[in-house]
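This text opens with one protein chain seen in two forms, each one given by itself as structure tokens under the names structure 1 and structure 2.
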Structure 1
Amino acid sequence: MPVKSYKHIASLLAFVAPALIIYSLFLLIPTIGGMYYSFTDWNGLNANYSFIGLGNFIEALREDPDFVHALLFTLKYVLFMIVLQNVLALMLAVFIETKTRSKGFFRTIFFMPNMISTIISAFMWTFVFSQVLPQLAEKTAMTFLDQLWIGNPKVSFYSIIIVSLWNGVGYMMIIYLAALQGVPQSLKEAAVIDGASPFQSFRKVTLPMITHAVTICLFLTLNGAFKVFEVVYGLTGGGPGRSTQVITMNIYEEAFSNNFRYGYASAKSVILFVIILLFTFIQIGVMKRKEVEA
């Protein structure tokens, strides 16, 4: 290989090296280490531990009802978020796209919640649910607002959904807006000339043209919903009891809060990783076929 080629490769590696080192130190190595410890009974503190094979995985799936409940609750949360977040974000994007003079204003208003930390948003909404809404219900005729938004297991799930949507819809809206702006105006005009209604024009022309954006938003929503932690931790703490505990909180509790079973928590993390990987492959595979058909 010529000397110039070696120099070119060396220069590329020099540029990549800082990011690769940081990525390895804070993500790659901990991930491999977590997979290794998932087959042990390490408590995260002692130097001595034993290999127990698949014991942690069997216990998590067969003998840990709290983990199974957290997994099912997380799947329920993921389903709601995938549907609601993307539908609302797309509706907002279409609404803003129709505004000729006030696009910037509406983009800013709807995106602003995304600029606030998720944990701060959770604390803000805790005040709203516990203080503002009961007072509003008392002074108006909207008595339905007087709920135990956080203390009632049947209602607290929807409180989490409300806060998550408020905090995350704006980001997806921006992606959909960028995609909508890439749809050729000539295609929309041709659909109108052919007699298509606004809904038909959106369904037959616009939506197929933004399928790539739908794929991206579904991917981001799916991964973010499975890894949700801050909003639940700040809003309900997994309560009342463990009725709103998501899988990430269950892992955190197992490793750091009460039990200090680091190996067992690592096994649960590997299970979560496999679930996310499986759902992601399915989602991307289905959506890629939709993109080809479109």
Structure 2
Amino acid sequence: MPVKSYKHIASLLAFVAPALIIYSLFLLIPTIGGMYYSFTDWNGLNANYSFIGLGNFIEALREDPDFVHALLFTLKYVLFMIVLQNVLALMLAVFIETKTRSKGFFRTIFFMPNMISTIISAFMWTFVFSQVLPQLAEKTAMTFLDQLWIGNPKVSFYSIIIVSLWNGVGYMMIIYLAALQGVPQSLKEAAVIDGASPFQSFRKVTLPMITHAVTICLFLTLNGAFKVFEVVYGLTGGGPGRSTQVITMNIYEEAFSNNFRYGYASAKSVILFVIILLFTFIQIGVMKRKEVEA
């Protein structure tokens, strides 16, 4: 029945074609193209370029202190975000769940910052950090508020974390809330009857029931945090100097703002991709084992 089989294939292709074509043009081919260019010394303008093997990768990791610094700075940021964002979001979700009447109100308020674009959030906080907090410190006795929130790289790391959390916690909270709603009330009641304290019942009953949500939220945070760009761009612009530059900014600068070394910038992009892939696989692997145990 070859005729029928051709028909099947034709109809499959007809349904899939629009998505496949547009996806290939703007995502698949650029992905492959980027990997290809990462092995060349292409400068984006010149038609002539040559293969230089792993040259770009070696240069990025060995001879580019700015890139290595950005890499480490991003790693530190990712670590802080994974822990703080998930702990805070889970805490808020669990606490909100204990309320009956004010539940909706708190949920609305905590999620609201997430609606605002990251770059707009960063601008709002620039105002808070550069204007409001110093004045507040002066007028009240809260001298700890008088920091160079944006000017001092040691402090501005935490400013970046604060804005990211402010913007992002609500999203994770929604996912945790949805998961908590799936935990049967009867199980929690049984734990209480057996004499479990609220904390025990959370650790032994609730948490194992929502590991799936924890996996998802860790994954989302990990992926998002490695790609951080807007918060830093809006808040410090990577400065002072390049002290708060993250990987994505370093790539952006390499490719678009000064030297147009497309091949070299592509190699950095590939490094970012490989790191994300690696961390994601490790995280999912570990969590899957945990889920099975639970």
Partner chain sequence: MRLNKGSSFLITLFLCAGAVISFFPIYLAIINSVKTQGEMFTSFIALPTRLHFENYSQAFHKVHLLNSTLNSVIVSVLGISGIIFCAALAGYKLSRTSGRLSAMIFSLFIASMLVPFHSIMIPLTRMAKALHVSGSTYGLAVIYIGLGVNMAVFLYHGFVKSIPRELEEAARIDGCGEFQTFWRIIFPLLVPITVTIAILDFLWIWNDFLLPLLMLTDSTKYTLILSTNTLFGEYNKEWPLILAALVLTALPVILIYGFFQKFIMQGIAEGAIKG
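Keep in mind that what you see is a predicted model, and the values were worked out from it rather than measured. In this text, the rigid core denotes the largest set of C-alpha atoms whose superposition between the two forms falls within 1.5 Å. Throughout, residue numbering runs from 1 along the sequence of structure 1.
Comparing the two isolated copies of the chain, the second one is the form predicted together with its partner chain. The rigid-core alignment places the CA of Ile282 less than 2 Å apart between the two structures. Positional change of Phe273 between the two structures stays under 2 Å at the C-alpha, relative to the superposed core. Taking the core as reference, the Cα of Ala17 moves 3.6 angstrom between the two structures.
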